[in-house]
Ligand code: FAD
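Only one chain is included here, represented as structure tokens and corresponding to the form predicted alone.
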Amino acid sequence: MTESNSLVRLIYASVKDRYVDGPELKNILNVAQTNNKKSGITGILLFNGGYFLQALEGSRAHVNKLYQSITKDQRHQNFQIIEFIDVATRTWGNWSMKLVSISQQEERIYEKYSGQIGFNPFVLNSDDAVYFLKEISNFDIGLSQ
């Protein structure tokens, strides 16, 4: 596999910049699923009304291109990359994108990894972000796969 095609995982956090409701989240998910399938990208997106936390997996070239596109999206700002590493296998390979809206159950799981009450993905380190996302993805939650 060439460097541009090596498998990578990128996890980032961002702050919601404008009103995002259920139908808009569903639209984000539908567009992501369609585009990600074409690019071979998989992942998970968490949203709690104020923050986004997203993991993307795929070829380095495709993940970089998608992330650059995401940073231009007016619905969020203040992007922070939490992790960007080469990986041997996909963690969320079954989903072109799964969207999870954070509820009280997920906030309790978040507290386990962050030590804080109230979801704020900016305080997570790389390992805690991965463990949190893995645990969340094991539940049958989310708007769609």
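From 1 onward, residues are counted along the sequence shown. These numbers come from a predicted model, not from an experiment.
Form predicted together with flavin-adenine dinucleotide (FAD): not shown, discussed below.
Student: Check for me whether flavin-adenine dinucleotide (FAD), as it appears in the predicted bound form, comes within 4.5 angstroms of all of Lys38, Ser59 and Thr91 - heavy atoms only.
Tutor: None of them does, since no heavy atom lies within 4.5 Å of the partner.
Student: Please identify, from 29-37, 113-121, 100-108, 81-89, the stretch that has a heavy atom within 4.5 Å of flavin-adenine dinucleotide (FAD) in the predicted bound form.
Tutor: Going through the listed ranges, the match is 29-37.
Student: Contact with flavin-adenine dinucleotide (FAD) in the predicted bound form for Leu66, defined as at least one heavy atom pair within 4.5 Å: yes or no?
Tutor: Answer yes; at least one heavy atom of Leu66 falls within 4.5 Å of flavin-adenine dinucleotide (FAD) in the predicted bound form.
Student: Is Glu135 close to flavin-adenine dinucleotide (FAD) in the predicted bound form, meaning a heavy atom pair under 4.5 Å apart or at it?
Tutor: No, no contact at 4.5 Å.
Student: Might Phe52 be said to contact flavin-adenine dinucleotide (FAD) in the predicted bound form, defining contact as any heavy atom within 4.5 Å?
Tutor: Phe52 belongs to the contact set for flavin-adenine dinucleotide (FAD).
Student: Is there a heavy atom of Asp128 lying 4.5 Å or less from a heavy atom of flavin-adenine dinucleotide (FAD) in the predicted bound form?
Tutor: No, no contact at 4.5 Å.
Student: So which residues in 65-87, when you check flavin-adenine dinucleotide (FAD) in the predicted bound form, have a heavy atom no farther than 4.5 Å from it?
Tutor: Result: Leu66, Ser69, Ile70, Lys72, Asp73, Gln74, Arg75, His76.
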